[in-house]
Ligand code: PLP
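Take a look at this single chain, the form predicted on its own, given in structure tokens.
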């Protein structure tokens, strides 16, 4: 493949954008592919190279790049009426009603503009509602570029994970290992009356999709109920992807107090939301005293895109299609690596998938950790499947960055930038796309 135009664009970008990109995860080596356009389940770069796309905008594009006519028409109609107004519109009410009908925990929403803004607002709301300050987060979880969760370390030695984040923020944030019930129970025994909320993803989407151990989220629910803390599910990634329209919480059967959304809720446009019972969400101004506001919140074009995307998914066999392809990819990759690279791990569920270069995964395909909403201690693969973000971060990440992703790119497969980010199937992907992808994986390991 020729990549001269992308290289030249990257050279120009380095002069005007820090690191040549506008999101650090896009900075692949030696330089990223600059995308010119999308086509169904594919993208075409500035040099005309065509790839099967499993980045899918890092999750928002449930329907792929070619939007159905109904979605496209709704977006065009909203744009023709005017870009935005700084005033309420009917479409934001309709989208809120749709979400409240389908997501078990949601009665009321406040729309924002991104996943980061949603989690920032949810943390502030939890603190304001409970009158407490401490937030418990999962090591290896990700909740956007916000000060309260850019925290590393452990419960006893929390520290800010980025320059520019004052250490005082880390003093109010308690990181614990995902899936470690004893660790979080100890935290609640010590700090229970100070904890405003536990903030967790249903699965660790930014560390390859590590699933919860059976009973873990139920245990979090019990701890929060006993202490008066709120349980916040960050469904920015899993919302309307894992578990379909009921989201991951519906599939897991665990009801959080607050839920954050983004990605699919905006149908590929910038949008996010915080949802939950009216009693809690009405603590936001102007109904309550917890300040939250935004010029672009409830942007009519994003609301139209999100609503029509979800309507289309509800009225067609979108989830059956994407979940079937996701399962085919996970099992197919598991078969390939069990024969050629035993010890590697396949994670993901529904329409998410990721190959992780673990060092001590299952060596038998019958024991491989290839999917599931939960990890069962009764499963033969239980001891081999990653439990925490650290389990994924200790994998052979350089192998992914330096060898695997670039090789797959040359074979026409566009994967996420690093070992940690999940990958996604869209409704526009086909069985032929999956067959070609599995053949590329097979060729790499030969």
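Residue numbers count along the first chain shown, from 1. Owing to the predicted nature of the structure, the values given are computational and were not obtained by experimental measurement.
The form predicted in complex with ligand PLP exists for this protein as well; it is not shown, and the discussion that follows is about that form.
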task = Select, from the options 180-188, 320-328, 89-97, 236-244, the stretch whose residues sit within 4.5 angstroms of ligand PLP in the predicted complex by heavy atom distance.
result = 236-244
request  = Although ligand PLP is absent from this view, report whether residue 275 comes within 4.5 Å of it in the predicted complex, heavy atoms only.
outcome  = no
request  = May I ask you to state whether residue 142 is within 4.5 Å of ligand PLP in the predicted complex, using heavy atom distances?
outcome  = yes
ask   = Can you check whether residue 115 is within 4.5 Å of ligand PLP in the predicted complex, heavy atom basis?
value = yes
ask   = With the cut-off set at 4.5 Å between non-hydrogen atoms, does residue 201 touch ligand PLP in the predicted complex?
value = yes
query = Looking at 160, 130, 283, 206, which has any heavy atom no more than 4.5 Å from ligand PLP in the predicted complex?
reply = 206
